[in-house]
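Just the one chain here, the form predicted alone, laid out as structure tokens.
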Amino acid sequence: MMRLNLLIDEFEGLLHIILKDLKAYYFKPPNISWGILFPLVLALAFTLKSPMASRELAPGLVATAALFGTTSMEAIVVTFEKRVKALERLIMAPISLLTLLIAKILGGVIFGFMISSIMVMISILILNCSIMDPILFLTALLLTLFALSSLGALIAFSVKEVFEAQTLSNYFRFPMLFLSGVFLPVNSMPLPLQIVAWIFPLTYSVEAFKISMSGLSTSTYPTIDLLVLLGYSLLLTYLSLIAIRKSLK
């Protein structure tokens, strides 16, 4: 009975933190517009250069929306709460550090899912794309969001200031954006860049989205893409938990 009560307390704490973060930080018009406009501006630039390739950009657009929808706010939320001592009050709450971390990650996942869903609707309505394998697409999207949100949490818990988190995030985001097959197929890149591309989790996201949205054959198998994304999710969550514990010392 005591263990059940503890689990209920952990779950209630998790929900309260998620709802607080979504209301206080994520669901603000500037944040929503940034998560949508940035991928669209990049897509417009490439579409103007090659109008016939606009449909092929759809999987990359969804991946880009997921990337910026999670990491942009995730890093800011955590570092801001660290600075104003709000995170210390959460740590003192009767919940475990893992529950606190999962709550922060899920806040980014939910916001990223909303931004990505808007991008999916734009791709379907404007670019005339379709989702041929909904189960694969949804699974890949959720794993992508969790992995990227975990990356944002790791960055945020590893620095002290908001500008440090933003700068460090860009060191990961922009290489992923241009080397993960969003705008240029990975197998068309020089070999050294291909090796770097396959290190990034977003590469496997784009590959899975391509298969589920267009049915095109890619350089990987969907099962491999999902397993790699799952591995990144677990690894980055574990590293984030270590970063929290180090920040408390």
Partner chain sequence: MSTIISVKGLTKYYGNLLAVDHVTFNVFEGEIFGFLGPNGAGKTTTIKMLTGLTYPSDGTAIIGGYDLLKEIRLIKGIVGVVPEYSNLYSELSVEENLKFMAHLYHVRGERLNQRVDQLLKLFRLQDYRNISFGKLSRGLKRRVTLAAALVHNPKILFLDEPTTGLDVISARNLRRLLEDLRGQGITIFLTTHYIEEAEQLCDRVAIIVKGRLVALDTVESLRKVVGDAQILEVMFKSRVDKAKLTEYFNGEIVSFHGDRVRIICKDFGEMVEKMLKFSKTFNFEISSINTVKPTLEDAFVKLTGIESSWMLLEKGVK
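All values derive from a computational prediction rather than experimental measurement. Positions refer to the first chain, counted from 1.
Keep in mind that the form predicted together with the partner chain is missing from the display, and what follows is about it.
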Heavy atoms within 4.5 Å of the partner chain in the predicted complex: which stretch in 79-87, 122-130, 143-151, 156-164 meets that? 79-87
In the predicted complex, does residue 94 have a heavy atom within 4.5 Å of the partner chain? yes
Report whether the minimum heavy atom distance between residue 232 and the partner chain in the predicted complex is within 4.5 Å. no
Taking 4.5 angstroms as the cut-off for heavy atoms, does residue 24 touch the partner chain in the predicted complex? yes
Flag residue 226 as yes or no: does it have a non-hydrogen atom within 4.5 angstroms of any non-hydrogen atom of the partner chain in the predicted complex? no
